[in-house]
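There is one chain below, alone, in structure tokens, taken in the form predicted alone.
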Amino acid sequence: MAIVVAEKTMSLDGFVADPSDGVEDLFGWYSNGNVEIPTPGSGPTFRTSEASARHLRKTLVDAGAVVAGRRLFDLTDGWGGSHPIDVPVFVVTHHVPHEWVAAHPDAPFTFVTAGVADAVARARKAAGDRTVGIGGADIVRQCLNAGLVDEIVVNLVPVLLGAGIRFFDHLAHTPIELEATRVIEGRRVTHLYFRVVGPG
């Protein structure tokens, strides 16, 4: 069965975006090296250090599906109908954007109105034995609160944002025990891998 992975790039003080949803101060590591990593879909080609390239290659190879929230979907305009990782995307929403669906009839997007657990179940089925990535801080929170997250990956950037959107906020069942499984030192980023053990 597919494992569910929550991965975000995060500032040292715990933010995954600034107050206006900006990520410019966090995403420099995607372009601060000379190793090219093309994305399978219509996304950009990353240029990272060799260490970060190892991390990205594994992420891209393992990916089988994505669960995203409606807010992230709207912020990216649905990635133009093609997610950069080029896998099926399951969007948790209260209302299906019928006009967008009509404009992108071939987009591999499924809009799920029955909640995050249903979206994750559908994504696991689509992913097979690959991973399900969950995107958006609120979706991560909902999945953690529902006990649906198997692994957490934090791309830790040495910057203090001071304010913005936190990665881990309003968790219902804490402490949550994690087991550190891997650390990769990139250039101006440290990739931290954790297995979710359960309530502490």
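Treat the numbers as computed from the prediction; the structure is a model and nothing was measured. Residues carry their position along the shown sequence, with the first being 1.
Missing here is the form predicted in complex with a further copy of the same chain; even so, the following discussion is about that form.
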Give me the residue from Val61, Val35, Val159, Ala146 that has a heavy atom within 4.5 Å of a further copy of the same chain in the predicted bound form.
Val159
Of the residues Arg70, Arg54, Arg166, Arg141, which one places a heavy atom within 4.5 Å of a further copy of the same chain in the predicted bound form?
Arg166
With a 4.5 Å heavy atom cut-off, would you call Met10 a contact of a further copy of the same chain in the predicted bound form?
yes
Classify Ile152 as contacting or not contacting a further copy of the same chain in the predicted bound form by the rule of any non-hydrogen atom within 4.5 angstroms, answering yes or no.
yes
Please check if Val23 has a heavy atom lying within 4.5 Å of any heavy atom of a further copy of the same chain in the predicted bound form.
no
Spell out, yes or no, whether the shortest heavy atom distance between Thr174 and a further copy of the same chain in the predicted bound form is within 4.5 Å.
yes
